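One chain is shown next in structure tokens, namely the form predicted on its own.
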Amino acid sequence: MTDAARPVQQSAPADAPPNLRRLVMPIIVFAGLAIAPWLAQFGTESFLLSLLTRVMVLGLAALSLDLLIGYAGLVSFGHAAFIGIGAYSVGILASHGINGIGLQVVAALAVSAIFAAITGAISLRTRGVYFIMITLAFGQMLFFLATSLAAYGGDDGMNLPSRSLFFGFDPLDNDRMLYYTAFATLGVVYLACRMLVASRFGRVLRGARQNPVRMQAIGFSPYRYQLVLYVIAGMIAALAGVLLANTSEFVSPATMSWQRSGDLIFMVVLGGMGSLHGAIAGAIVFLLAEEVLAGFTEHWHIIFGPLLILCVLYIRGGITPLIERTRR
């Protein structure tokens, strides 16, 4: 055995603990969300369940955006449009008496996939700031389309007659059941995304983000892989829109505004890009901080804005990487 070979053999066990440590944060995040309803019964349960359900729903949307930003380097400023597609799928179908969540989810996924395929095919031919601007333009196009739908509330939005039904039953009317439905959806999607980014598909995307020319030279087309990822991310965000409509029992164009897209980007950056659970943690911190500050003053934006800027300046890489570095 040569001296050069020895470090290679010794590196495997040395790498194992860091790999295990990477599981600690997602376990903490999901364990905390799992026991939250039990803790909520000691406070204002209905309010806390509603708030935490909204946190998980937007965490799901942020996770889908992290797929684009963290693994493909695609900063979309129109991602909230897919949340709107999901929410309006519920609202429009419910207004016509179709309350089954199965059909609503199928409609949301189908429409979001078509919209993502068309807009992605055009947007992905651009790069950098041009990609940001063109996704923003598509998002705003959908926003103004929603405001013009007078039959479905127009600019004022529309109330849902009821939450979605499961085979004629209404378990989602129970706030705790809605909470655990959002929790289960978030958990399943998170695991599926972990498998996706660890697969050959994910490795090609990471390679294309670092050096697209080299990936093309070895026979991979980054454009095709990125387009598939764009469609997947759009469908996940639409699923979040279905849950958001059921949480608030209200649908409006504000669901798909550029401000919402900006919030999602900030959640991803705040939590840590390219980890998936970082996006969920970012959504938790973002929405809870927003709620706490709003309880102190109606001018909470004045405090919230500088606070977010300080986080970006002094927590480089995001909250979850900072916690993981601190634990070492």
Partner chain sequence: MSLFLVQMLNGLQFGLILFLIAAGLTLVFGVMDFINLAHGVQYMVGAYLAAMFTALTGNFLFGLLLALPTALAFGLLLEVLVFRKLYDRDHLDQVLATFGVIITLNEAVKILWGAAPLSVPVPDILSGSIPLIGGLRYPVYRIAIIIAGLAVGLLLYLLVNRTKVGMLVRAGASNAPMVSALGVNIRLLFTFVFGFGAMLAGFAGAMVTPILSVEPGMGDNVLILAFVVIVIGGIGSVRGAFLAALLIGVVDTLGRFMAPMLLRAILDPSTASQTGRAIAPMLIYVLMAVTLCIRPAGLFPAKR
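A quick note: this is a predicted structure, and the numbers were derived from the prediction, not measured. Positions refer to the first chain, counted from 1.
Just so it is clear, the following notes concern the form predicted together with its partner chain, a form of the same protein that is not shown.
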Students should find that, of Gln216, Asn159, Ser148, Asn174, the residue having a non-hydrogen atom no more than 4.5 angstroms from its partner chain in the model of the complex is Ser148
Of Tyr225, Trp258, Phe183, Tyr190, which residue is found within 4.5 angstroms of its partner chain in the model of the complex when only non-hydrogen atoms are counted?
-> Trp258
Establish, in the model of the complex, whether Gly102, Gln104 and Phe250 all lie within 4.5 Å of its partner chain, using non-hydrogen atoms for the distance.
-> no
Can you check whether Met273 is within 4.5 Å of its partner chain in the model of the complex, heavy atom basis?
-> yes
Does its partner chain come within 4.5 Å of any heavy atom of Leu313 in the model of the complex?
-> yes
4.5 Å heavy atom contact, Ile114 to its partner chain in the model of the complex = no
Although its partner chain is absent from this view, report whether Phe169 comes within 4.5 Å of it in the model of the complex, heavy atoms only.
-> no
For the chain seen here without its partner, which of 277-285, 24-32, 37-45, 263-271 has a heavy atom within 4.5 Å of its partner chain in the model of the complex?
-> 263-271
Though the partner is not shown here, which residues of 137-156 have a heavy atom within 4.5 Å of its partner chain in the model of the complex?
-> Ala137, Phe138, Gln140, Met141, Phe144, Leu145, Ser148, Ala150
